[in-house]
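The chain below stands alone, shown as structure tokens; this is the form predicted alone.
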Amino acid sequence: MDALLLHRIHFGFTITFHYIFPQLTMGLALLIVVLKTIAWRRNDEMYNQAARFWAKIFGINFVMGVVTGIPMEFQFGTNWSHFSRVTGGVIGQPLAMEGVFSFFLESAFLGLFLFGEKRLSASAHWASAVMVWLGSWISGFFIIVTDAWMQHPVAYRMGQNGTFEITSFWKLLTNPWALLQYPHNMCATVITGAFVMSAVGAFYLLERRNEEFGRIFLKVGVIAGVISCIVIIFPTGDLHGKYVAKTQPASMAAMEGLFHTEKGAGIVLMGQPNEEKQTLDNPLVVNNVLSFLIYGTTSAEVTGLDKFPKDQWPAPLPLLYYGYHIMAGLGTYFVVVMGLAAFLLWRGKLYTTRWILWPLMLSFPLPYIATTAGWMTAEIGRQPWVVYQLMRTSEGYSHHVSASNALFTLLGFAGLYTVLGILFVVLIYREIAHGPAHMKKFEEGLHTVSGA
């Protein structure tokens, strides 16, 4: 196994593990604001306790995100030193801004929200929740801006020393790729938060404990879930997909397993890409749909991989194809499940219908799989470029870091992250097992003791 492949696996592993945590914090941040807003407007202590319960889950995720995110930043220098040296003048600025909003704005107000309720007024405590949400979402925007420049470089020039420089920070922030990718990505985080919240609510109702909170979690989770599941497909997914087809046609062709240019191209529901024969084995295709989705007409010509040199095909192509179809398939499943749950909620039957509570409870890992598949689709689709059509991935890695060194650190990270993963599961399980009712009783006990 060569050094380049190991460096790619290493960074892929660390960023995939890291993103388990911020996607939930960004999704929960909005849902906590919803809970806190209802509590504030209605003066409802149940919603207030629900918000505080999810703030504790948020806090655990935030800490884990920080711990796993910092080593990832250092990997730019250790594993991708040439890429960092050449592009640092561009990507360094949005990454620095992300750190400012994440570590200063989000973390400061998270501390106020977690520990300042007794010292702040109700409106100030609500405002701290809003600032946590804004901090997390602005932080996510700067990460998207960084990735978008690698996908679709804008507002740059080549300096005299062979490095890239920004010509307009505003144009960098308004990169069309970023403006389309960002709402799509944030919808995905809300889906993750909604499914996790709904799963806990369904668990409480199935277990017949903390049922008041279970109903709150289900109501907020399902309403947020069904909205975000629709929006992530249309308009955000539709617009982003059309832009990918326009700016990265080879990536779109690989996602669909379209080896040959076709008029009236169909969308593939199932099949296995065969690179050697350049065919799709056992295909299940809906005719003309791909042409219609991209160009608005069923007779449009869709560019296939045959129009590109093979050394510019995304690789590994099968992983890109399957990642894209896993993401799309799970997205369809999410719409069905959340749509049924929303219908039953509207009819007043959701809380007692066990056949929908079970899927809601068991589906919480699926958004993580879908978002991982989605990011794999985006990043593998850019290959063989680390900066699209400007720098190949084979040029960006640290040539002086050997394959054996990369493998050693990869194994070390895998072991350390396994321990962190187990710790995370234990902490989250403990909080869910105790539940919001436990937290309320504990606080009432403290007040009783202090009053005595």
Partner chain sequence: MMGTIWFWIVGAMLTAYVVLDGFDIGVGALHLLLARTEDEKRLVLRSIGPVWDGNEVWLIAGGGTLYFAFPLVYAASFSGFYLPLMIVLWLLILRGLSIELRGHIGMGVWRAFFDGLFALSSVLLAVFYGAALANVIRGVPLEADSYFFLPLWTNWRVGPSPGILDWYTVTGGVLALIALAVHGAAYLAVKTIGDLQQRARRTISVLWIPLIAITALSLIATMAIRPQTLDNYKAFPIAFLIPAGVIASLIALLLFSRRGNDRRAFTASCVYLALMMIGAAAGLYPALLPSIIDPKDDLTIARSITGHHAQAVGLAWWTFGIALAIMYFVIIYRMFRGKVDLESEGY
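Residue numbers count along the first chain shown, from 1. The structure presented is a predicted model; accordingly, all values stated were derived computationally and were not measured.
This protein has a second form, the form predicted together with its partner chain, left out of what is shown; the following refers to that one.
Heavy atoms within 4.5 Å of its partner chain in the model of the complex are found in exactly one of 97 to 105, 303 to 311, 260 to 268, 352 to 360, that being 97 to 105.
This chain lacks the partner; the member of Lys219, His82, His325, His240 within 4.5 angstroms of its partner chain in the model of the complex by a non-hydrogen atom is His82. Contact with its partner chain in the model of the complex, judged by any heavy atom within 4.5 Å, is made by just one of Arg119, Arg209, Lys277, Arg347: Arg119. Using a 4.5 angstroms limit between non-hydrogen atoms, Ser398 touches its partner chain in the model of the complex.
Although the partner is absent here, Phe234 lies well away from its partner chain in the model of the complex, with no heavy atom inside 4.5 Å.
Its partner chain is not shown here, and in the model of the complex it never comes within 4.5 Å of any heavy atom of Asn185. Though the partner is left out of this view, Phe343 does not reach within 4.5 Å of its partner chain in the model of the complex, counting heavy atoms only. Contact here is defined as any heavy atom lying within 4.5 Å of its partner chain in the model of the complex, and by that definition each of Phe62, Phe76 and Glu165 is a contact residue. Of all the residues from 393 to 410, those having a non-hydrogen atom no more than 4.5 Å from its partner chain in the model of the complex are Ser398, His400, Val401, Asn405, Ala406, Phe408, Thr409.
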